[in-house]
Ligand code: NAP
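Read the single chain below, which is given as structure tokens and is the form predicted on its own.
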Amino acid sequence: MTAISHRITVIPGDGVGPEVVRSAVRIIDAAGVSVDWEYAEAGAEVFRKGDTSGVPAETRASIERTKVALKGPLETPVGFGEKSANVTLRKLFETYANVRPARELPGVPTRYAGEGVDLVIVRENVEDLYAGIEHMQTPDVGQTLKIISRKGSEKIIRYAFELAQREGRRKVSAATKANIMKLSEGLFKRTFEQIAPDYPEIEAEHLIIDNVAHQLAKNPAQFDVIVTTNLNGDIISDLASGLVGGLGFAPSGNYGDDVAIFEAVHGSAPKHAGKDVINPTALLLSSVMMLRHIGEADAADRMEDAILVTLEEGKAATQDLVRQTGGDVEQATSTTGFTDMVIANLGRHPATVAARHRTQRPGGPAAPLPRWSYEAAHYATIDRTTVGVDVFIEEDTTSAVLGPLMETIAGPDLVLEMISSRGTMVYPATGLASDDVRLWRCRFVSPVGADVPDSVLLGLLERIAGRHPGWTHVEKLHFFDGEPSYTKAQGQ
């Protein structure tokens, strides 16, 4: 038994969560790690009790005390209901780095067996579309704001390079959609290019995210560390798990400056709940990451080796593995049986997998990151000019009718530059066809590029407000250091 006792919050979760969490706790205990487990709730049962956050105060307090959580999957309503409790936990504790290794495992049949797939996806974990800022701009038009910050980008990009450095990895690939979203994903790309020279020993490359998906399917072994924005990372990490056997083998850790939360990538799989059939490997490998994070490297090595031996020998095949090999599902190993075998294999070493001990693996303690480079003094030097405004108007009309009307409403200090529908300019007419959806973006700008005071913009809104239904959304148009901070419409 280790001399140090650790306090860890454990959230059993929904569906199959309690079964895989039970498996992980049993093995950690059997590995000789002294843990004071603090059990806490989150997810579906909490929602049913009327707590719309899905994460009650008691659970938040436990994680604040322990700084480490082991979590089963939580159920999230799809297309309705409250926000994801998974995302809420990550955001509450600013666990900005989601680390998802994808590694070829012995005894797990895949299309890429023998190619040496061993990569880590480092996903920004708290902003992007997952900021969850949504509005119905009209009864029929929904909007989600994509929030990409320089600070958030810099933190996750440095984390990826530091991870590569401490693991002896050779390359970091940034994956963005900067060719289309030039300001948001483009900011991530530019930040990557500014930071990469700080790590001259590591090869740095930028790829468009759709090409990364293509290359992952074509030749995944070319990748080492992939760093990307939140939605991109969510999608390609599931893709990566498919390269190495599926979600049943996909671990993850969520790391912040103070708190770390460990979970499997897979969901709650309610149809399998309580049947003792689920493959616990994903959460077991997440637990290995957790043990390394809390400084229990020897126990982490023993647990990882025992999992690899169990998979390697093929004596314990859970139903997902049996299905992949076309075997009899009725003969599959139970969750409990798999756990028993891993415990029996503690102290053994795999015969076909190269030793990875004495090397920081994904999820090991990270060195303190350099301070964020954009402090208040930097912002004080930025020249700012407000040159106009985009006003979104709900109106059952045509651009040919709305355009001349908005020109008369513009007033003496502004001109109507254009009107767009879903990003395509429709006024002045360009000959391009765009099916309108009763939501028009009207761009008003200073005719001479002068700084436009708020009083002028408020006057414009007051004139538009006299119409029904009127304006529904407004965005100021800025120049920062002489460069426009907004994009043109298609066709402009």
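What you are looking at is a predicted structure, and each value in this text was computed from that prediction instead of being measured. Note that residue numbering follows the sequence shown and begins at 1.
Separately, the form predicted in complex with the ligand exists; it is not shown, and the next lines address it.
If we define contact as a non-hydrogen atom of the residue within 4.5 angstroms of the partner, is Gly337 a contact of the ligand in the model of the complex?
Residue-level check for Gly337: no, no contact with the ligand.
Check Pro270 for me: does it contact the ligand in the model of the complex (non-hydrogen atoms, 4.5 angstroms)?
Answer yes; at least one heavy atom of Pro270 falls within 4.5 Å of the ligand in the model of the complex.
Give a yes/no on whether Thr76 approaches the ligand to within 4.5 Å in the model of the complex, heavy atoms considered.
Although the ligand is absent here, Thr76 would touch it in the model of the complex, with heavy atoms inside 4.5 Å.
Within 4.5 Å, heavy atoms only: does Thr95 come near the ligand in the model of the complex?
Because no heavy atom of Thr95 falls inside 4.5 Å of the ligand in the model of the complex, the answer is no.
Given that the ligand is left out here, which of Arg292, His266, Lys189, Arg302 has a heavy atom within 4.5 Å of it in the model of the complex?
After the contact test, the surviving option is His266.
Please pick, from Leu247, Leu129, Leu405, Ala213, the one residue with any non-hydrogen atom lying within 4.5 angstroms of the ligand in the model of the complex.
It is Leu247 that has a heavy atom within 4.5 Å of the partner.
Please determine whether each residue of Arg90, Ile278 and Asp320 possesses a non-hydrogen atom within 4.5 angstroms of the ligand in the model of the complex.
Yes.
Among 304-312, 150-158, 320-328, 112-120, the region lying within 4.5 Å of the ligand in the model of the complex by heavy atom distance:
Single hit among the candidates: 320-328.
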